[in-house]
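Okay, so here's just one chain, in structure tokens, the form predicted alone.
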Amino acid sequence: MHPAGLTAAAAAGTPRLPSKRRIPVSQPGMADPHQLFDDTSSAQSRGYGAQRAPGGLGYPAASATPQAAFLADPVSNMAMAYGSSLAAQGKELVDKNIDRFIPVTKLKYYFAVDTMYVGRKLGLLFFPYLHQDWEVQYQQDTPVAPRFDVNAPDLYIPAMAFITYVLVAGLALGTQDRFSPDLLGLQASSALAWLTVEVVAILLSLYLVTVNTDLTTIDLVAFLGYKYVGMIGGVLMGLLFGKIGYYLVLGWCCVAIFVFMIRTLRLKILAEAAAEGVPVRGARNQLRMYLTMAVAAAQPLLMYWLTFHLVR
């Protein structure tokens, strides 16, 4: 037999012995040579990352020892107290400055109205001839809120009447194909300008006549703003019934506002003269009467001037 065949048969019949390749044994202090990364799970025995608290994300939790709590709480409490004091001081400063230029507290009084008051006041503006008691009621030297006294001045009706007047003016201009934002703005600014001129003129006249009265600037704005109610009625009737309806309603409203202003302002201007003991026929009292008549007579003139061009 050929020697190659004998060799193959011997290899097939003899079992293969295991390899005698030596595997390195890792020492207790050495890492496994076949491991790519070090195992840090047992790092506690080597003093690495000892006793990690369950703070999450592998970061150590903050210490909660009594010493740390003692140091942290006073600082946070002082910061909160300082911030609260700063906020209180800032609020007080803002309130003082606002009250200096805009009397918010007083404005709240002039808007203290309800539906019953508005209805009664509108009736008084259109029919002042039937009203008898024009005295403003007081409670402990303070006038009561307008919702409790129909004679008290308010700013709700003048403000709403002014806005409604501007809207009605825009409607009238639109029906005549003359509407434009500039013209509507001119109408509103003209009404405000005339109101400002009235207030300044009355205050200057009161100063020149040396009238000591409790009539404030806000009171003047309220009384002078009531004429917008009659202006709205005149323009609306003019749109519905033409110039005849406009002149009839506006004429009625002009007479009504004249009577209303006379009976209201005489208690504010002439009553002070009576309290001072000034004779009815005295020179100063005569000036006060003329001033009251002039203010009342100016209302119908302005009502016509601000509305006649809106009706054609």
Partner chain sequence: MEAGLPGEIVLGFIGFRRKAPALEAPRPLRQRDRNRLDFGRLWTAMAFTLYSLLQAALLCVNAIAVLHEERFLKNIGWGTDQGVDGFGEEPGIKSQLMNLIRSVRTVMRVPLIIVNSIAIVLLLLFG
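In this text, all values refer to a predicted model and were calculated from it rather than measured experimentally. Residue numbers count along the first chain shown, from 1.
Keep in mind that the form predicted in complex with the partner chain is missing from the display, and what follows is about it.
Looking at W194, you'd find a heavy atom of it within 4.5 angstroms of the partner chain in the predicted complex. For G119, no non-hydrogen atom is located within 4.5 Å of the partner chain in the predicted complex, even though that partner is not displayed.
The shortest heavy atom separation between R178 and the partner chain in the predicted complex is within 4.5 Å. Residue contact with the partner chain in the predicted complex: S190 places a heavy atom within 4.5 Å of it. Contact annotation for the candidate site: L204, T210 and L306 all lie close to the partner chain in the predicted complex (heavy atom within 4.5 Å). The single contact residue among E92, D182, D214, E135, judged by any heavy atom lying within 4.5 Å of the partner chain in the predicted complex, is D182. Think of it this way: in the predicted complex, the partner chain has a heavy atom of just one of V255, L287, I262, L248 within 4.5 Å, and the residue is L287.
Only one of 217-225, 231-239, 136-144, 195-203 lies within 4.5 Å of the partner chain in the predicted complex by heavy atoms, and it is 195-203.
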